[in-house]
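Form predicted on its own, single chain, as structure tokens, below.
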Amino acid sequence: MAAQTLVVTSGKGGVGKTTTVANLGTALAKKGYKVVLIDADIGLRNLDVVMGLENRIVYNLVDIVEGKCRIEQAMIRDRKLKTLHIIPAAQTRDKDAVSPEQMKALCEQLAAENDYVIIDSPAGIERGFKNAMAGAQKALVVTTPEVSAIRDADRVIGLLEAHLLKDIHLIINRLNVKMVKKGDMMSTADIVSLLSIPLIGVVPESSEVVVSTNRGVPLVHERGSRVGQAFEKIAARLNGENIPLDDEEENGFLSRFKRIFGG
């Protein structure tokens, strides 16, 4: 199988990109695939904490591109899965420490020896975002059902397409079905209609995420976790498996929010 190189991005911060990267990477590694997760959020790394690997960092992404270590020296193996590694971001450097060309070259080297390379993009649309998408063949855009997050996701989709990255899918995070049914939250159909890219999965809102982040254990390890199950379905779809999408009820919010996007 040819390696898949994916960037997980959003535009707005705090929508769950890093949680998504950690859970998708773990779910794919549980299937036996060789997976490398790259934290491209230089200066504000978090992926190591979500994976519970913060105490094992010796080298980082910037050390690799500056030739201070080999790629293998900066790759930290997961505590539970031997085929899962992360490359942490540098915490004391700025985003200009890595160029898009250097990130592309690194992704190509990693793709030659792994099944999946998943890049955790920083928030925003500046240099860090450009670095993160430089080496990617596909993009997963994460949004929550909030107007500000959807508007930023729409902007990011436009930038990805302008850079000729056409294989883009949508993940809706923190959907509260009860609020959707009451008409207090946009539905899946509303959001997909606004953003006009294929939906690859919906992750329910849950306090489980805070607990798992504090423990440094992705929820796909937890039996019975609805969030973990949602990420496992998304990972299976990425892997080409035929997993039907869940239906969410329509509500009456679409016409109101279309005005924000000029629809």
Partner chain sequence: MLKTIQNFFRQRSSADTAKQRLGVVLMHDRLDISPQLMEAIKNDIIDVLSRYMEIDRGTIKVDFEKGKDYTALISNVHIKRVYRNAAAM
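No experiment lies behind these values; they were computed from the predicted model shown. Positions refer to the first chain, counted from 1.
Keep in mind that the form predicted together with the partner chain is missing from the display, and what follows is about it.
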Of 184, 94, 126, 101, the only residue with a heavy atom within 4.5 Å of the partner chain in the predicted complex is 184
Of 79, 151, 138, 163, the only residue with a heavy atom within 4.5 Å of the partner chain in the predicted complex is 151
The stretch from 42 to 50, 25 to 33, 191 to 199, 234 to 242 that lies within 4.5 Å of the partner chain in the predicted complex, judged by heavy atoms, is 191 to 199
- residue 147: heavy atom within 4.5 Å of the partner chain in the predicted complex? yes
Contact check, 7 to 32 vs the partner chain in the predicted complex, heavy atom within 4.5 Å, ordered by sequence, gives none
